[in-house]
Ligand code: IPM
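Take a look at this single chain in C-alpha cells; it is the form predicted on its own.
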Amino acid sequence: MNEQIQAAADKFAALVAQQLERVEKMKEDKDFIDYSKLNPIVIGVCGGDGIGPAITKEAQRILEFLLSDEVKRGKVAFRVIDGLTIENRVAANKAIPDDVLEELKQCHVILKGPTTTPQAGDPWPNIESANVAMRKALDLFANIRPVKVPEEGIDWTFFRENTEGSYVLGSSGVHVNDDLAFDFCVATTEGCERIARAAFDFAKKNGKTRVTAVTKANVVKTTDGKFLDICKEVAKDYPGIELDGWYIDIMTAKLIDKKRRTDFQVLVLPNLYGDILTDEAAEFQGGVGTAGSANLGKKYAMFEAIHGSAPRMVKEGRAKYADPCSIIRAAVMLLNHIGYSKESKLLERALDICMYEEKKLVITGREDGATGEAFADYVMETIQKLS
C-alpha cells in the first residue's frame, strides 16, 4: 500500500513541476504577433485524417480563390502539411510527430481538418489527442466559437480556455491500483486571466454588454473557483460590461430556454465545459458540421472544423460527400484574424446564402446530396455574384 501511494505521489510531483514550468513560460510571452508586418503570411493547410483531407481541400480552394491577388503579390503563401494522420501518429507513438510539429511551427496560421483520437475499443494505441497536443505545443489558449441564428435572436460567442482544465493532463492520470484511479484538473492564474481578458476585450470591441462565466464553482471549488474569481477581477477593468456567473448544468438547460437564451452574448468557460456547451450550441444553427472554431495564441493561430473525422464515411467511400461547411466557417474566421476582413465578410455572406437562403445544393453525406467539391464551387460562384 505504501509503495502504491509513493508511486502516485512521485508521478503527481512530476506533473506539478511540469505545470510550474509552463506557468513561467506563459509569463514570458507578452505580445501578440502583428500579421501586417509579415511578408508573406504563411497559411498551413493540414487535412488531418478521415474526412479531413476531403473537406479541408475545398476550404483551401476557396481561400486561394479569395486571396489569389495576395498570393501573386507574395503577401500570402500556402503550405500543405499531410503528416497528421492517425497512421503517422501511431507509427511515431506521438500525438504529433516531431517532423510534423516543426512544419506546423513554420506557419503563422493553420487551417486544420479533424483528426482521429483513439478511444477504448479502437485498434489504435492510447495516444493523446492531436488537437490537445497542438494547443499545448503552440500555446493556443483561446478557443473561440461563434453561433448565430438571427431569426431566433441567437448571437453567442464562446471563449473556451484551451490549454488547462480537465484536458491538459488527460493522458497523465494515475492508476494507483486496480481499485483506484485519478485524473487531474489544472487552473493557473495566467491561464484564467488571459482567457477572461480575451473574452472581455472581444466584448468591448464588438459592442457587447454582458460576459457570462460558466463554471461548477459551487462544487469544484478550487479550480473552477479560481476561474470564476479571476473573471470577477478582470471584469473590474471593463466598466459598462456586466459579468454574470452560471453553473454548467443549468446553463445547458438555459441555452434551450427561449425566454432566457437571447440574453447571452459572450460566454467564457473552462476547457471541458466549453467543449460540451459549444457542441450543444452548434445544434441551433444546424449541427457541428456548420460551425468552425478559432484557436488563438500570441504567436500562432489554428482554425478548424469542430466535428470529428468520421472514419466510417471514408470506409464506406462517402468522403467526397462530407460537408465542408464547418471548415469553411473556420476559413471565415482565419481571414478576419489575419486582417482580410473584407474577404472574411464576403465569404461569410456567400456561405449564409448557400446554406440557409438559396439552398441550391444540399449536402446529405450520401449520394443523394451534393459533393463537397460541388458545394465549394457553389460558394465561389456566389462570391463572384456578390463581388
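Start at 1 and count along the sequence shown; that's the residue number. Everything quoted here is computed from the prediction, not taken from an experiment.
One more form of this protein should be noted, the form predicted together with the named molecule, which is absent from this view; the next part is about it.
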{"property": "Candidate stretches 160 to 168, 178 to 186, 245 to 253, 203 to 211, one within 4.5 Å of the named molecule in the model of the complex by heavy atom", "result": "160 to 168"}
{"property": "Option touching the named molecule, based on a heavy atom within 4.5 Å in the model of the complex, out of Asn88, Ser172, Gln265, Ser129", "result": "Ser129"}
{"property": "Of Gln285, Thr215, Thr117, Thr223, the one that lies within 4.5 Å of the named molecule in the model of the complex (heavy atoms)", "result": "Thr117"}
{"property": "Exercise: Arg194 in contact with the named molecule in the model of the complex, heavy atom 4.5 Å", "result": "no"}
{"property": "Interface membership of Asp275, the named molecule in the model of the complex, 4.5 Å heavy atom rule", "result": "yes"}
{"property": "Partner contacts in the model of the complex for 138 to 156 (non-hydrogen atom within 4.5 angstroms of the named molecule)", "result": "Arg145"}
